[in-house]
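A single chain comes next, written as structure tokens; it is the form predicted on its own.
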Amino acid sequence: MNFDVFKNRVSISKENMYREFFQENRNRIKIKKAPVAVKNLIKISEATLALSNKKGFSAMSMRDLSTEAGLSVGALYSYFSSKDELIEMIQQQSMRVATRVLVDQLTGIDDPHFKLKQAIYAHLYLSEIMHTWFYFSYMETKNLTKKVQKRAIELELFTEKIFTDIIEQGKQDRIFRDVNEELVAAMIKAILQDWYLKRWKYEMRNVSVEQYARFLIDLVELYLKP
């Protein structure tokens, strides 16, 4: 699957993400004009991710965020009451989008061989589009509240289970050999994570996300081949 085709197909919009968030939380958010609120929520989210990936969420102060987002500290508190609420806001929306895209990309595919390829492509390409969030989510798990930590772990296990179920089905259909599907799924997930955690390494070697996806697919298919 071509990366540009995937981007056009999923059409992930920050405006849509935070418009949805605003609608669900409009009783808590003090700004009542949707266009203004959505615009500022995007600014806050992007500034938080940029600062967190640069210096860490714990070290980020509200003054830092105010400067980066171009909003006063008072304006920031119109959207959230604490840093814990801010990080939950970002995680909540991003996890929702990631889950929805992964499920949508696999719906209607029955063949385990093709479904496995599609799952790898979808996960890698999604992490490329949402790179700052994927990196932030992995690196900042220790700083999340217990509630948000639980959701992050659930997403991790959810994506692993996608691969586990596909491999199990492939074994039943005798397309894949008999393997420990949970262990294979965990290893696939680890290699997928290496792309967005150490992307600099692959950029240095001129490896594109499409090349990385094809390599991982070849590697997994070779291992699973009967």
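Each residue number is its position in the shown sequence, starting from 1. Note that the structure is a prediction, hence the values are computed from the model and not measured.
Keep in mind that the form predicted in complex with another copy of the chain is not shown, yet the notes after this line are about it.
> Looking at D194, D165, D64, E46, which has any heavy atom no more than 4.5 Å from another copy of the chain in the model of the complex?
Comparing distances to another copy of the chain in the model of the complex, the residue within 4.5 Å is D194.
> Given that another copy of the chain is left out here, which of L71, L106, M139, M95 has a heavy atom within 4.5 Å of it in the model of the complex?
By the 4.5 Å heavy-atom cutoff, the listed residue in contact is M139.
> Only one of 37-45, 23-31, 183-191, 165-173 has heavy atoms within 4.5 Å of another copy of the chain in the model of the complex; I'd like to know which.
Stretch with heavy atoms near the partner: 183-191.
> Looking in the model of the complex, any heavy atom of M1 within 4.5 Å of another copy of the chain?
Judged by the heavy-atom cut-off of 4.5 Å, M1 is well away from another copy of the chain in the model of the complex.
> Considering only heavy atoms, tell me if V207 and another copy of the chain come within 4.5 Å of each other in the model of the complex.
So V207 counts as contacting another copy of the chain.
> Any of the heavy atoms of D111 lying within 4.5 Å of another copy of the chain in the model of the complex?
Looking in the model of the complex, residue contacts with another copy of the chain do not include D111, since no heavy atom lies within 4.5 Å.
> Report yes if any heavy atom of Q211 sits within 4.5 Å of a heavy atom of another copy of the chain in the model of the complex; otherwise report no.
So Q211 counts as contacting another copy of the chain.
> Taking another copy of the chain as it sits in the model of the complex, which residues of 155-183 have a non-hydrogen atom within 4.5 Å of it? Please list them.
The stretch touches the partner through E156, L157, E160, R177, N180, E182, L183.
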